[in-house]
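This document opens with one chain alone, in structure tokens, the form predicted alone.
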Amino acid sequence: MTWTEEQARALITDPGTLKRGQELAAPAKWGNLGRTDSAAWGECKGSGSKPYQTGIDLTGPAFKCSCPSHAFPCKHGAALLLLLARQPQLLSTTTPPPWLTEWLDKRQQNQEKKVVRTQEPAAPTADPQATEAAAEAARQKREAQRQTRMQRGVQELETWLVDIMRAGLAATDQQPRSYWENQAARLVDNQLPGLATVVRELPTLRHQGADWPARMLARLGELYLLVRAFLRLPELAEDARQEVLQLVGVPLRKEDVQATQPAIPDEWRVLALTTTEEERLTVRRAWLQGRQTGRFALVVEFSFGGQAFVTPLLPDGSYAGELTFYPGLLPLRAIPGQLTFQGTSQGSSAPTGSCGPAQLLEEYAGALGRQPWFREWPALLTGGVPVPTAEGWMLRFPAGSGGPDATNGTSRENTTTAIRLLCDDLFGWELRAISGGEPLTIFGEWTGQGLRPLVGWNAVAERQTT
């Protein structure tokens, strides 16, 4: 397998480690470099008399280093990974040293023990019936208390929303920040953090463009619909009930989801990886697509303090294994099971299953009719060329591509169809450079107002590589 700089950086989540790793990614600092198909290793000169022994299990990937750092990867692991991506010819030795073989053997043994433990039935307790009854009684008591608080909070929110509509949207313009924050705080107190998040978003809509009253009214309508749905929770179908509970902020444990929902096996390709940082917390959103099922999946994971993500994923990497989707009306968010790395897509060829703008809008309308609260819809579009216009970047399709007239982020320009791209000027030019003026395949998130592009593939380059 050939590693790229982008794939290496995706595994180094801490910016400080990446910076120090880049400083060490110089051939003069390393000795005894080598690799096989499943591992890479080297010895890096440090301040002591002995060099640091650094190894990577490429099937994980996982890192080992004899340095005193407790971070994985440490700066030496990061540097070795960068060297592997930049100058793989330097890792010419093919016989692993004994210290690396010993570590890889222990990892293999631990993996086998883990599999055995998951297959073994749980040991019986001394008095299983009594323990189970006590646990169930405690759970029911907690659930009853929580339901009471949630019902009270939702009813207060309904009254608050009705008061807003009676006073008119113009009155919201005069409300101080505390007007919104106090309502959000009451929702949090009543264990409704999902509703609190929506309330906190409302004041940010004011004066964001000339159409802010329409967008504010739409968001208030969505919130009121959610409130009414929650108040009729016992009457809803199971998938709708699960959807509403998650939207108002009732958490679902991963273990419970994996125990109650079917796992979907496939070979999953990573289409796009995006990360955002809030203080020391890094959030990674990974969009995957099943090769056989064609199904899209969103895997969201968190990293605190630069620690590695639970599931190592590479851009354009393929992984065989199972995903378990959260229950709901439109299951998109998923939990990875045991995934086995299968390599990266040859020549970064475009994924299959793309569509044109007409099909995208038809699918979006169907999804919105089924689940009216979702904000982003995965879109794999092909045939459009990114072009700069006075209104911003557009994805222009030739005549015959279909699509409605000038609605929801699309417009007809003469006989062509154009979709608004929700990206900054720099990324627009990057897409333009990838396209070379030819049609692109683009994956992104359709918001109803336009397409937020995440990655693009050039059809001409793909034909040449294949």
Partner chain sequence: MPESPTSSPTLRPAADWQRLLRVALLGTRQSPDELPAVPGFALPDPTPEHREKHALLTAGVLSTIRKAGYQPIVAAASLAAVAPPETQADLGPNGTQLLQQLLEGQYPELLPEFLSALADNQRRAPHQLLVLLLEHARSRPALHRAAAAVLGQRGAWLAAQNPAWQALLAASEQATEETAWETGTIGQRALYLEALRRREPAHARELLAAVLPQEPARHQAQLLATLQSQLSSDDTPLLEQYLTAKSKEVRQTVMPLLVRLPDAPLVEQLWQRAEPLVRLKTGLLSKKLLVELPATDWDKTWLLDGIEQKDGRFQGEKAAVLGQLLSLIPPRRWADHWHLTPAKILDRAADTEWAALLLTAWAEAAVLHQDATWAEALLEWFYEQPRKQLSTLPTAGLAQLLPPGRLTSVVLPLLNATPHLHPEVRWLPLLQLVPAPWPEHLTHRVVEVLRDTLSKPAELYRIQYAAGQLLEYMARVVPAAQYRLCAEPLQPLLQDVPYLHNSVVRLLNTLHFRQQLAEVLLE
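Numbering follows the first chain given and starts at 1. Please read all numbers here as calculations on a predicted model, not as lab measurements. Rigid core here is just the name for the largest C-alpha set that superposes within 1.5 Å across the two forms.
The same protein also exists as the form predicted in complex with its partner chain; that form is not shown, yet it is the one meant from here on.
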So in the predicted complex, does Arg86 come within 4.5 Å of its partner chain, heavy atom to heavy atom? yes
Within 4.5 Å, heavy atoms only: does Phe374 come near its partner chain in the predicted complex? yes
Does its partner chain get within 4.5 angstroms of any non-hydrogen atom of Pro213 in the predicted complex? yes
Is Thr416 close enough to its partner chain in the predicted complex to count, meaning some heavy atom within 4.5 Å? yes
Only one of 268 to 276, 390 to 398, 102 to 110, 131 to 139 sits within 4.5 Å of its partner chain in the predicted complex by heavy atom distance, namely 390 to 398
Can you pick the one in Glu322, Glu158, Asp239, Glu301 that has a heavy atom within 4.5 Å of its partner chain in the predicted complex? Glu158
Could you work out which of Leu225, Ala185, Ala259, Ala144 is the residue within 4.5 angstroms of its partner chain in the predicted complex, going by heavy atoms? Leu225
Across 144 to 179, which residues bring a heavy atom to within 4.5 Å of its partner chain in the predicted complex? Glu158, Leu161, Val162, Met165, Arg166, Ala167, Gly168, Leu169, Ala170
Does the distance between the two CA positions of Glu430 reach 2 Å or more between the shown form and the other one, the core being superposed? no
Once the core is aligned, please say if the CA of Cys44 is shifted by at least 2 angstroms between the shown form and the other one. yes
Quick check on Leu440: with the core superposed, does its CA move 2 angstroms or more between the shown form and the other one? no
